[in-house]
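Coming up is one lone chain in structure tokens, specifically the form predicted on its own.
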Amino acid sequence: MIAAAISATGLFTPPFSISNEELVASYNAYAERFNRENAEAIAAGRVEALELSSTEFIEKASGIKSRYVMNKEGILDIDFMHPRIPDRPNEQLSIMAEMGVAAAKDALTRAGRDARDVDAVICAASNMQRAYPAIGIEIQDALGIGGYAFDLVCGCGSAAYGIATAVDMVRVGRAKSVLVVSPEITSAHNNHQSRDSHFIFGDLCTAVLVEAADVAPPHAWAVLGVKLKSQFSNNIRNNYGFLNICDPEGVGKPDKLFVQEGRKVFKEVVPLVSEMILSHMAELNLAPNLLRRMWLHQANSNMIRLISQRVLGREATEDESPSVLHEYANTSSAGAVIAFHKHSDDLKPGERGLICAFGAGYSAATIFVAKAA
């Protein structure tokens, strides 16, 4: 079997940032207006009043301080509270493909590669802006890559599932070089009118170049092992899809955006992922003290802390389990890759780490890597 490696990662950051203070001001203005307009129904018990948000609430619940977005004014407009992203003509590059191309070029530059060196493209993200043609094929075409491309959707596990798929493709000789691109416009499926979720998501795009180890550059990361696990759950869900067009009255319902039972998710996902990591480590004969760093899914700071603690048997330091939540918020499947992209250059040859993503489905993935000598 051919050895696989991560040759480089790339990053595209949107042009706009929204602070907690800005988001809270917008949400609270909306909530106060809603409560005024429904005062009589609220007093009669027919409608539940909306609770106000605060920066303290957001940071305690998540560790998030700001987020990048593709459109700022639409989200902060209390009459809209959604990103304004207009349709583009079919002849123009779609917004997801545009983000993907930028991140892919960054990864290719870091690896010292030309697009013609790539055999395949996987666009792996939690939501796609259309059913077909595949965004991956559009990115492939825009970059001038031969071979083949496809889309992969598996909630917050999408990017890691894409990396695992690329590793398998390389291992069996189906490709020598695969780009995994994850354009996440999660602000578009977030409910900014919900106090429990209005702060969670941000937008971003990552790219990961997976290659055969014999062609990977000297600074690459050897892939020691990948493991995938899924377990059905309704606790994180988004019911929007093309079939909703058949029922126009249902399109605006809250369940067509991101919804979750947060406490249930925390209670069920933490042990599931922790046990999966430890099981995979045992298969690889990798003791916790040999794990130099963990790049975990950036869901919220409490979940990152508890999973790290269960794996190491003690509280992890920020160096051992870095977080990017304070700047980027939850970017769905891109989160663990951002952490890896931002916090991996300092590791020494031979040191080992874990890229781990988990989310709706439930879907979880563990990818153990070692810095090449």
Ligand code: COA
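All residue numbers are counted from 1 along the displayed sequence. Just so you know, these numbers come straight off a predicted model, no measurement behind them.
The same protein also exists as the form predicted together with the ligand; that form is not shown, yet it is the one meant from here on.
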query: Heavy atom of F266 within 4.5 Å of the ligand in the predicted bound form; finding: yes
query: Contact of N300 with the ligand in the predicted bound form (heavy atom, 4.5 Å); finding: yes
query: Proximity of I200 to the ligand in the predicted bound form, heavy atoms at 4.5 Å; finding: yes
query: Contact of F34 with the ligand in the predicted bound form (heavy atom, 4.5 Å); finding: no
query: Partner-proximal stretch of 306-314, 47-55, 65-73, 338-346 relative to the ligand in the predicted bound form, 4.5 angstroms, heavy atom; finding: 47-55
query: Option touching the ligand, based on a heavy atom within 4.5 Å in the predicted bound form, out of E283, E275, D141, D196; finding: D196
query: Partner-contacting position among N127, T165, Q260, N191 - heavy atom within 4.5 Å of the ligand in the predicted bound form; finding: Q260
query: Contact check for S7, A115 and V178 against the ligand in the predicted bound form, heavy atom at 4.5 Å; finding: no
query: Interface residues of 329-346 toward the ligand, as seen in the predicted bound form [heavy atoms, 4.5 Å]; finding: N330
